[in-house]
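In the structure tokens that follow, the same protein chain appears in two forms, which are kept apart as structure 1 and structure 2.
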Structure 1
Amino acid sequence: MADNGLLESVLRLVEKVDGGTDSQDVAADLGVDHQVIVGAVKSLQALGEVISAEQKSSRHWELTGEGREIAEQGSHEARVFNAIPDEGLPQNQLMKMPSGKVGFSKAMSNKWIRLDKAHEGGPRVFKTVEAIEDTVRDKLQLVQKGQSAKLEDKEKNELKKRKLLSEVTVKSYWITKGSSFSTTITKQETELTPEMIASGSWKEKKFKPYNFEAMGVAPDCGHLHPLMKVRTQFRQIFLEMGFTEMPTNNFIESSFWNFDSLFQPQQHPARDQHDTFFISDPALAHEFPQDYLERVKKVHSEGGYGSQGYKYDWKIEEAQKNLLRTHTTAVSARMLYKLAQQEKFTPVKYFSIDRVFRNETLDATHLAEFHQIEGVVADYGLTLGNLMGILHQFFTKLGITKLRFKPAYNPYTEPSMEVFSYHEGLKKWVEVGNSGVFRPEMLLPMGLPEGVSVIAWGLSLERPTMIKYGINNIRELVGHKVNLQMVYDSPICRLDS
């Protein structure tokens, strides 16, 4: 900070002029460097409304180092001319002069001198005129005196090209008196201190105003990944609706639980290498509830429970194949089987949110793994209307109220419904999830009682997250290419707004 003496000198100068003054003039008047005055202006600004200063920029011409030398000692060509005596000078001697090379060619083109190449004793330089006028020096001296306005633009540009002049931009302040102008400095306090409170001195102090335009200091804190924030919201919704979380900590699943138990036939395209990641080690699952497995085999190959079955040769080898689970419905199947083993059936509501894996074509919205959100309700006498009702409640909690349902096909649900919601932004219906009633061919072999219906629905976690946080490329959200700045900056998740 500039010392108070200087600040007060500046203030006194400002006091004398009514319309204000330029900081450059102040610098000239006080005989100090302009930058020092700029510092003083800033210090004065910090004191409140003592002065008001408006920044302005002006351009002016200044001599370069070489330009100053010429203003003092004359142009190179003049110096060359003056160095040549009437009897001439050998060229090689002339070239040894500091200004020799440049001066020689300039003086030649000015026709001040001539070169006699045929002179005995080597080429020799002679004057061709009696006296010269060093206009370059004169012009530079004008600029030095601050009278550059007297030169034409063309002349200035010519000198700029010769690197003798340069145009500089100077930022200066136009200083006028402020609303609480005074020529004496009262130091402003920055912050309230315990001492001021104790002594009561704060009453007399002037406090430096805060800059409310500035950003605060960023708190030192961690940041949760948006996917996790959205997941927490979905968990919250399920818990509010009385759903119990299923243990989904088994990425590796057998084809049996992933497909067969769901009445998905063994030739189904989803069981292709192109759709599913199979495991080479450990390649096979080795333990199944044997009597249940037999019932599954029968319902696939022969039918039963009122079903025609698929009438094909069901193979245990297919069912044993391990894979990366393609849906969390494999977990639902295990849970429903477990439920069926209870002595007495009790209604359940289950949910899970966890990773699933598909051998998909990768693009901006698809990865080979994603999180599936799934809800399942098992009770006596559940209807399709019930499924639509519970979906309505679930999506209302997400802030989605306009729903409609399209008939669809899914090997393990019948009826199956795709859930569409009206997107106000896109002005069209978009698919938001899948749902259905599990087939009796899936439930009855498990041992669930006849009248029990199980309704279920699923959606992905990534899609709503990408929509919520305006992310277009899934790679920015999931995986190591995640944009950490996005993670730092993303707001809390409120799905219903």
Structure 2
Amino acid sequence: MADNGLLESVLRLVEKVDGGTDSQDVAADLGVDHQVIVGAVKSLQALGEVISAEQKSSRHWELTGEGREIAEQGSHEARVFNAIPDEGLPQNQLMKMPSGKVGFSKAMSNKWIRLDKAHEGGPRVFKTVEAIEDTVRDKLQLVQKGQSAKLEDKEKNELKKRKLLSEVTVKSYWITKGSSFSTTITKQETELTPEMIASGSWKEKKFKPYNFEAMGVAPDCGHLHPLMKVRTQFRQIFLEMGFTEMPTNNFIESSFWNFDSLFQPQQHPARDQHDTFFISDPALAHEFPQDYLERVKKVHSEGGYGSQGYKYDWKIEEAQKNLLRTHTTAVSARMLYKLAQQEKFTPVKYFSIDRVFRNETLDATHLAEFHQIEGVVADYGLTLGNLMGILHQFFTKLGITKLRFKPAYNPYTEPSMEVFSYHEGLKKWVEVGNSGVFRPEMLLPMGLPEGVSVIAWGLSLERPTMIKYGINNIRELVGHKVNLQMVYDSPICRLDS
């Protein structure tokens, strides 16, 4: 709050004028910055009906930094003219002056000087008039004195074009006396104390009015990251569709569950170090269901269940290698194996949303870790039509209704489909997920009945989050470059279902 001396000085000025005064005039009379007077006005408003202040806007002209220099020292063209002696000046010397280039051009336009290119000592500049009138400086000095109204609009715009003048908008207050006007400041009480009530002194005191429009203090609390907000929405969709969430709390997997159980050959490029993060300690896993491991080995190396396999020498050493899981399908494989061990098969619908890791080249759309959303349905007689139907239902709940399916290849699904949606903003079809029917070579070694089919699909969590929140670079969403203010400000996620 402004000090009482300044406030009372403002009130005395307001008292002297009838009909009110402008805060800019008050600032000029008191010799203080206008913003100080604006603060004083707000302090007086807080005291009640002492004054009435109405905000208004006005436009006026101000000198730029270069304009102030010219008002003091003269225009560039005048300085060039005054620097030229009667015998002339070599052009190259003139151009070395601080105002040389601009001043030479303007002085030539005004026909104050001429250039003799044929001079024996090289191009030389001579005066063409005896004396000049520096009208640019005179006009700027008028503006500096607050007399810009004496200039025509054409003259002002010409000076503005030369970046010597700028038109600025100033917000000020028109101050008039209020219903409780006084030139002395009386402190307003903010609390009614027991002592005031007991003594009756409250009757003579002025109390500050309550501001029922004021916002409360924002409570200090944590804020959900945009990824977690979108994850909650996806999770709710799966739960509405009757799915059960799979336990995905093991980031480290063996190559057996991550690759071999999915009928992915040990020579597959995805199993190379440039695509996968392998663990050095502990480097190997040792606990596997031995009978299931033998069946997986046989279907890879010899074939079976109607398949000829890959016909290679399957090695337990490769299957034992620990790694950071490259997909949550490794969790799906564990859950399906667990399902196969039941005495009687029961249809299931599983889902998971969790982190996976790949040795990717980092750029605006790829990170070495991201979140995978996966849905799995196991039942008798499921077909590609069932998969398309459940995908339509799933994506409709996301607000995506225009879908197309394109044949694709995955090592552990056949048939496989990429899912495309029409993007209204981009006006084109974009890939939104991958899907397929798990192969018999993957399911039958687990012990699932022959008539059981498993359909599955997956997509990333980061891409829909980036689209929803208008983020173009994934590194602004995940990682050490995330702006925490973005997390604080991001709105609640509501998918357009």
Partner chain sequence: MPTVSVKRDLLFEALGQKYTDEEFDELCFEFGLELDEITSEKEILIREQGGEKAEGASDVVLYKIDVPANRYDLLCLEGLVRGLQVFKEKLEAPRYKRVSPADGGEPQRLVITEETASVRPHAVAAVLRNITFTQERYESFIELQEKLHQNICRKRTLVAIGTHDLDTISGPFTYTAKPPGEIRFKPLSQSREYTAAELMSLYKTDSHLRHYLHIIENEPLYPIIYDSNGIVLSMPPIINGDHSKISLNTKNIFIECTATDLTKAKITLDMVVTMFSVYCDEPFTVEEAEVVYPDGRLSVYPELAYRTETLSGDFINKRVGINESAESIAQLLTRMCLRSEVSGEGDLIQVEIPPTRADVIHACDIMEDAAIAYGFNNIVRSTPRTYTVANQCSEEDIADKLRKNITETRAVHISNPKTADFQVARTSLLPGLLKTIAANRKMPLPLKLFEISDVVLKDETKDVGARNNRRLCAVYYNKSPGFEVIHGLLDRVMQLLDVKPGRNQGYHIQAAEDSTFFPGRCAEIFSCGKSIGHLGVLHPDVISRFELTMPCSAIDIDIEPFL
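Think of the rigid core as the biggest set of C-alphas that the two forms share within 1.5 Å after superposition. Residue positions are counted from 1 along structure 1's sequence. Computed from a prediction, not measured in an experiment: that's the story for all the values here.
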{"query": "Pair member which, unlike the other, is the form predicted together with its partner chain", "finding": "1"}
{"query": "Core-aligned C-alpha movement of residue 209 between the two structures, 2 Å or more", "finding": "yes"}
{"query": "Residue 328: Cα shift of 2 Å or greater between the two structures (core-aligned)", "finding": "no"}
{"query": "Smaller rigid part, angle turned between the two structures (C-alpha superposition) in °", "finding": "45"}
{"query": "Residue 26 CA shift between the two structures in angstrom, with the core used for superposition", "finding": "7.9"}
